[in-house]
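First comes one chain, alone, set out as structure tokens in the form predicted alone.
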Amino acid sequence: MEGSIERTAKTVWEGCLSYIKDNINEQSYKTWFLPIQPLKLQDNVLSIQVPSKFFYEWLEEHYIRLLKSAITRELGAQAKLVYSIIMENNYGNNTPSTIKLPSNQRGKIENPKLNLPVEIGGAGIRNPFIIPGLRKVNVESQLNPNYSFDNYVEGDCNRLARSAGFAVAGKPGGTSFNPLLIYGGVGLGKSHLAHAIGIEVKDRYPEKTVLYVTADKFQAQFIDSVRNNTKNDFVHFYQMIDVLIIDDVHSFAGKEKTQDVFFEVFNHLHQNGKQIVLTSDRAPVDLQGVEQRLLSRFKWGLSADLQFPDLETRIAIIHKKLYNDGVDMPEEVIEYLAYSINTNIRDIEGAIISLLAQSSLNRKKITLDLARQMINKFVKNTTREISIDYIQKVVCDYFDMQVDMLKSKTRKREIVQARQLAMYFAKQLTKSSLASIGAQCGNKDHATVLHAVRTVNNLTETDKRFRLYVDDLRKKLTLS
């Protein structure tokens, strides 16, 4: 490092990022390093800010060597890295917490020795999950074995939530993301991920008591306990759980008594180092009708959202579903289903089932035409619009090239031509602006898109072979 050049926190961190980006895959880089903000550089100590203690723990566990190498390259052997963490989970203390790295002093939440086998359903505490007439000694976890991590397809839409869930399963109650609240729209995989966490915990720690229960079921049991004068048993039962998973916690809205009893259970579990996993259809800040004291506790850990999956992830989900069911389906049909349904994953699964039923009952081969007929009935046309990424994939498949090549800066004639065709059809078949089309086709500006459209129109009129390209692609892209 030249002494004449003034280094700032920003320039040093940019140098670190350049090195880090070359040594990990792109998705990990985007997930774990782009959110970091450089704060201060003083005496070879670089201060950076991360979004949560979850980030700190994950970076220390998985990327500490990479960070050491990066900061040493930039500042020398005496360099140090300091994390500044804005935390909301310190029981009302909103003061930023600063932790120096490299360090082996990471705070741990030790579980008290309260994980001894507990007899539930025998003499003593009543198990609300016991089947009348049968004696149950251990708690049934109520987990669906089909909803495992192995069956959960990872993508940009769910990477943070999945990573957090897997970390929780590896160390339940021993991370800073307690509770873990997973939120997102209908059919995006919240329940699947919640079950997967429970299954993974049971596989790793068979001695732990894991329980999955919906918020509605929890409320119904509470009402029964009040009616039967067994509220204390109800509370004590839930306080014995090591990993409690409450699905659809937004259903507690407006139910004050249920919130009160859950608040009591929550406090006991959290204070004793037990893990709490919650799912909701909206973020904590948007949960109307839930008491503020409960909302503040939801923010103690990590809130991770699930977005609707992009085209590549939807294709991967369909492949996984068909593989698990032992079903073969033409690739063009899979891609058509993936881009046609833009509501949620459940609808994608429903479309697959409908298509298989159509094929089986009518003894028809699964083809693109059959898929189009089914989709026109299954999905309203007004909710479906062809996407730019699908157009790019169809064009690249047609010319047998990778989508990354189309988005690259290369000026090779065949790639430029494919890029122009993708822009042309994006202009024709989507409602996207010229700027948006250009941005998704290699960060081009709107003038480049206009030039591409004019070029395609001119070549279509003057070049017979090029006209064939346009006609073939239009047939592949246009819905019948």
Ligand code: ADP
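Start at 1 and count along the sequence shown; that's the residue number. Remember, predicted model here, so these are calculated numbers, not experimental data.
Another form exists, predicted in complex with adenosine-5'-diphosphate; not displayed. Remarks below refer to it.
Asker: Does any part of Glu349 reach within 4.5 Å of adenosine-5'-diphosphate in the predicted bound form? Heavy atoms only, please.
Answerer: The answer is yes: Glu349 has a heavy atom within 4.5 Å of adenosine-5'-diphosphate.
Asker: According to a 4.5 angstroms non-hydrogen atom cut-off, is Gly187 in contact with adenosine-5'-diphosphate in the predicted bound form?
Answerer: It does: once adenosine-5'-diphosphate is placed as it appears in the predicted bound form, Gly187 has a heavy atom within 4.5 Å of it.
Asker: Any chance Ser141 has a heavy atom within 4.5 Å of adenosine-5'-diphosphate in the predicted bound form?
Answerer: Ser141: no, not in contact with adenosine-5'-diphosphate in the predicted bound form.
Asker: Would Val290 count as a contact of adenosine-5'-diphosphate in the predicted bound form, using a 4.5 angstroms cut-off between non-hydrogen atoms?
Answerer: Because no heavy atom of Val290 falls inside 4.5 Å of adenosine-5'-diphosphate in the predicted bound form, the answer is no.
Asker: Could you spot which one of Tyr152, Phe308, Trp300, Tyr398 gets a heavy atom to within 4.5 Å of adenosine-5'-diphosphate in the predicted bound form?
Answerer: Selected option: Tyr152.
Asker: Only one of Leu337, Ile317, Leu81, Val168 has a non-hydrogen atom within 4.5 angstroms of adenosine-5'-diphosphate in the predicted bound form; which is it?
Answerer: Checked against the cut-off, the match is Ile317.
Asker: Please identify, from 317-325, 72-80, 364-372, 238-246, the stretch that has a heavy atom within 4.5 Å of adenosine-5'-diphosphate in the predicted bound form.
Answerer: The contacting stretch here is 317-325.
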